[in-house]
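This document opens with one chain alone, in structure tokens, the form predicted alone.
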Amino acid sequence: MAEIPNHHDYNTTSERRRIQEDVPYLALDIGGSLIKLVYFSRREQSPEEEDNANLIKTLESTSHPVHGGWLHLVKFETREINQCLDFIKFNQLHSSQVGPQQKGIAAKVKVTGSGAHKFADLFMEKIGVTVEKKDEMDCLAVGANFLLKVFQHEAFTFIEGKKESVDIDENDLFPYLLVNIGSGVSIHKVTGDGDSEAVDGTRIGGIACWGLGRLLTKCKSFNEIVELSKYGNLKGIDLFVEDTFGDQKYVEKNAPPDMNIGSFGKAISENRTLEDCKAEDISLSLLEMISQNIGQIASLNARIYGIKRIFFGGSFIKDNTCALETLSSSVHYQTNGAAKAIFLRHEGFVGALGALMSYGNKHGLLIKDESQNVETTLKSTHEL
């Protein structure tokens, strides 16, 4: 396996795609904290989009070249739903949802996630669009299959602080576990195209981390918590074996002194207050604790179903070194090396891409053309 190049400047070989002119091309995944929007356009960026970039700030915007155009992946915070709708309206992303023979009929847009129900009326009120709700669990598996089969260098491992690409063989992809870490965590057993089952999950995921982190550190965003964690020290707040035994010889003989045995364990000191704890240490301990819990649940399911590959997706893992390290080490330890933690580069867009695929192959949407390969560049831009 080769180390993955920087996200901003590596070349990739993308299989040629066929997209018809009248393909519906907009889909969204609206979760409790983030909106993930995907759409197709004929140009990488239009002049209108360039002007719009100064008006509507996105959390993230990436573009992937496909034959005849570009597949765009965009993120907003869910609390900025009106900004998202303004983005759709400004760029007329919903206009192609109605064909030339259907004037006067409300456009239909595929939407998954909790927001498909919560904001359905708002879509109609602000941009005249009818929401077609898609099952979130189904979309996740479909989206993951799409990413793993279509995007080159999509999967990677995180070993000793380095991302290493994983080659995916379409003929040897199944079965696998998909662990999607969003506001909550869902675990899916995927055994084939259109064949998946939600087998487990936990409510202790991204939203729990963000909520606790906001209360404990006053951080205003999840990204702030992740950034702070890079400067934290677990020994400043967690309890380790070496902290619990007075007999050092006993410790060295029976257990590793640096084994973590209690997240936030040192916070129980009677004389210690929140003000005595560093926000960096709290952030790191919180991320490590939640990631460790998710890794253990995923590993138990891998052992139950005899599965050796666990793919992790969801915005929780984006640029989250602590989560990548902890999930990797947890899976390796809990399964005695029998299973491997693998991560998705487009981690947050799994559900949205699954919703996009629900338009169906009858439109010729992103179907592989085996006859020719084209050298392209994966371009990514970020606006924070």
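Take the two forms, find the largest set of C-alpha atoms that superpose within 1.5 Å, and that set is the rigid core. Everything numeric in this text was worked out from a predicted model, so none of it was measured. When you see a residue number, it is the position in the sequence shown, counting from 1.
Quick note: we don't show the form predicted together with a further copy of the same chain, though the next part is all about it.
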{"item": "Contact of Met124 with a further copy of the same chain in the predicted complex (heavy atom, 4.5 Å)", "value": "no"}
{"item": "Contact test in the predicted complex: Cys139 vs a further copy of the same chain, heavy atoms, 4.5 Å", "value": "no"}
{"item": "Proximity of Thr157 to a further copy of the same chain in the predicted complex, heavy atoms at 4.5 Å", "value": "no"}
{"item": "Proximity of Tyr305 to a further copy of the same chain in the predicted complex, heavy atoms at 4.5 Å", "value": "yes"}
{"item": "Three-residue site Ile207, Leu212 and Gly262 fully in contact with a further copy of the same chain in the predicted complex at 4.5 Å by heavy atom", "value": "yes"}
{"item": "Stretch in contact, per heavy atom within 4.5 angstroms of a further copy of the same chain in the predicted complex, of 269-277, 158-166, 139-147, 309-317", "value": "269-277"}
{"item": "Proximity to a further copy of the same chain in the predicted complex, single hit among Lys89, Lys230, Lys108, His117 (heavy atom within 4.5 Å)", "value": "His117"}
{"item": "Sole residue of Glu224, Glu80, Glu132, Glu288 within 4.5 Å of a further copy of the same chain in the predicted complex, by heavy atom", "value": "Glu288"}
{"item": "Sequence-ordered list of residues in 179-203 near a further copy of the same chain in the predicted complex, where near means a heavy atom within 4.5 Å", "value": "Asp200, Gly201, Thr202, Arg203"}
{"item": "Threshold 2 Å Cα movement between this form and the one not shown at Asn271, rigid core reference", "value": "yes"}
